[in-house]
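Just the one chain here, laid out as structure tokens, in the form predicted on its own.
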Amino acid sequence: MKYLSRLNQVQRQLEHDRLDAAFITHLANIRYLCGFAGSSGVLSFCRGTWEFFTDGRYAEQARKQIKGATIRVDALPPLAHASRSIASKLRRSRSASRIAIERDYVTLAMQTRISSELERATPKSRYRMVQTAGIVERLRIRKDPEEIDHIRKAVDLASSVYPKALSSIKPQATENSVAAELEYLARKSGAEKMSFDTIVASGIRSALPHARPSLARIGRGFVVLDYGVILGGYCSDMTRTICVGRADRAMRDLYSAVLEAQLAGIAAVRSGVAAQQVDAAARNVLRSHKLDKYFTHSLGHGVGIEIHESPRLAKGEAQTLETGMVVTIEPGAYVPGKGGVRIEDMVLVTETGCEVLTPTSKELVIR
């Protein structure tokens, strides 16, 4: 990964914004910038210097993973340690220092801790905390070739376990047992972990877009499987809907309409198109089938180190798609009391369209 290049890009942005120091506390951003994959650490910038702070549990891991930053290990909590380090560097500043914090990830308690540590070394009037947003995320939104390779491998691994998972779907099986088998197969195949809590929803519960697997038996009807894996630190996400038992005409029509909407959404993806236009392409198909009122969520989202990243494909989202973005296309129709269908692929945005990364067939499977 090009960690030094990423750090340099962030440094240039901080200097452009006249920020003397910065705390990077969101772990996904830390991993993106310097490679650390643990659960406790703070990355800081101050006057041309990057430092990474962690505790003794991660000393060896940090030495193996961190690139581009000086490693500081101490029994002191990382945030407090980073705050004291920045305070010592800014102590002799002749003007008030501007210190960046990540608005979306720094809690009030964290901000209070930073302030208390800074005030040990410098009067409150000598510094100002500036809430920032998107400095790192704007870099993460477009994936480089190495990131795309990791995502492809995660997508392929998730897809490879799907045929095996189908064998566990039987009328007497529970949703919970199907989810357990799917996750077991994924871990056995090399997944680091699941991207999110696996969704298995059957029968009338398939009309719940984010249903948790329950002890309910699969029975007859639609079964929605929504899952993903993490491999090499990058996520995948896919959804397939199958039918257990006989699929009547209404069920086939519902499935066909959602598939048509999904294909329309994929066809609309290309560099330069507004995110809301892609959402509209799929939503208009469902509207033509009088199913739009049953499509209750956005069409998709970006995927990378985190399962939900920018851009968001939804009504009102004017952000323009760019080459190198990886997004999901996942329309659904959820009819209360009857059941629901969702079909989801991951796609890579290109100049002329997109590449569908998910290789799994979308033909309706009836078991």
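Just so it is clear, the model here is predicted, and its values are computed rather than measured. The numbering used is simple: start at 1 and walk along the sequence shown.
Below: the form predicted together with another copy of the chain, not depicted.
- Using a 4.5 Å cut-off to another copy of the chain in the predicted bound form, each of T107, K188 and P213 places a heavy atom inside that distance.
- When contacts are judged by a 4.5 Å heavy atom cut-off, S97 does not count as touching another copy of the chain in the predicted bound form.
- By the criterion of a heavy atom within 4.5 Å, E192 is counted among the residues contacting another copy of the chain in the predicted bound form.
- In the predicted bound form, another copy of the chain lies farther than 4.5 Å from every heavy atom of E147.
- In the predicted bound form, none of the heavy atoms of D292 sits within 4.5 Å of a heavy atom of another copy of the chain.
- The candidate stretches are 281-289, 73-81, 254-262, 99-107, and the one lying within 4.5 Å of another copy of the chain in the predicted bound form by heavy atoms is 99-107.
- Here is the short version: of S159, T239, Q276, S177, the single residue with a heavy atom within 4.5 Å of another copy of the chain in the predicted bound form is S177.
- If you take 48-64 and check each residue for a heavy atom within 4.5 Å of another copy of the chain in the predicted bound form, you get R57, Y58, E60, in sequence order.
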